[in-house]
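Quick setup: one chain, the form predicted on its own, written in structure tokens, and binding and motion questions come after.
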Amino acid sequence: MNGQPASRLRTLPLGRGAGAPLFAARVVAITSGKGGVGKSNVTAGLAMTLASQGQRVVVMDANFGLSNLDILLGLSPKYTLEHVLRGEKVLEEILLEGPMGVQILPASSGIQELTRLDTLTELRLVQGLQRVAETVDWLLIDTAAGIHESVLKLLLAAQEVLLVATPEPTSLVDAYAMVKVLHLREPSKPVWLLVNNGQSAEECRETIDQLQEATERFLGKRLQVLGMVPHDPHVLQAVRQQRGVVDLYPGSPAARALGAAVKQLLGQGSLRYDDFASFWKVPAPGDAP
């Protein structure tokens, strides 16, 4: 398990550069330059795929203004991060058991004041996350979209950042802006890139190449390519049933692509662009929506 021993954990406010908190689990913040790129679906899919590989996973819904992870997975939380940040509960008391053994820390929608946390509240959150991280292998943080200070603090606190983008021009521009802002704060931060909702393997390759070229040319930074997830009707079908596509349609193109991404995260495989086309193959019988 990656990270530091529990005895060396420090409880310091989020995103303070060299003073950022240390966690016992591998902490990945999943973000995007703009909304509507399927970030939460990707987060849920990666979490369930990791769990299927025997990994212990907690997902924190950190979109304090517009949370939706619990809705995507058909969960009905009694308590949320709102109660934790206000000091009414501790994180362990709001953990929800999700599909395939994934645990969820649900957020609360429409609470704008929670997007601006003071130092004491940040400290309370970090302390809770460190306790939770002692019992799992992975902590995935589903951040809000956009370049807000609350988002940047979470990205800086994580060990790694996973940037989700689509082939749309606006998504590419905003994704580059996100990398630029993060790079100015912490140049050494590892950033994974995953292209979501691609219409073809070639489109995904072009998207990756465009972002990679821009970040290398203007920032001197090379992104770590995690892979791509194809446009797949199974994803919408799963959303409508409030289930994860990995859980409901494990043989679907999206689920297979997420499986390949997780192999990379686990160090069990390397990316080959030639593999992209295989994700568009017809799903196995019984997996059609």
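Residue positions are given as counts along the sequence shown, with the first one as 1. Note that this is a predicted model, so its numbers are computed, not measured.
What follows is about the form predicted together with a small molecule, which we do not show.
- Here the chain stands by itself, but in the predicted complex one stretch of 91-99, 73-81, 190-198, 155-163, 190-198, has heavy atoms within 4.5 Å of the small molecule.
- When the small molecule is considered in the predicted complex, Val57 lies well away from it, no heavy atom lying within 4.5 Å.
- Though the partner is left out of this view, Arg26 does not reach within 4.5 Å of the small molecule in the predicted complex, counting heavy atoms only.
- Within this chain, Val239 lines the site of the small molecule in the predicted complex, having a heavy atom no more than 4.5 Å away.
- At a distance threshold of 4.5 angstroms between non-hydrogen atoms, Pro230 is in contact with the small molecule in the predicted complex.
- Though the small molecule is absent from this view, in the predicted complex it lies within 4.5 Å of a heavy atom of just one residue from Val246, Val37, Leu50, Ala62, which is Val37.
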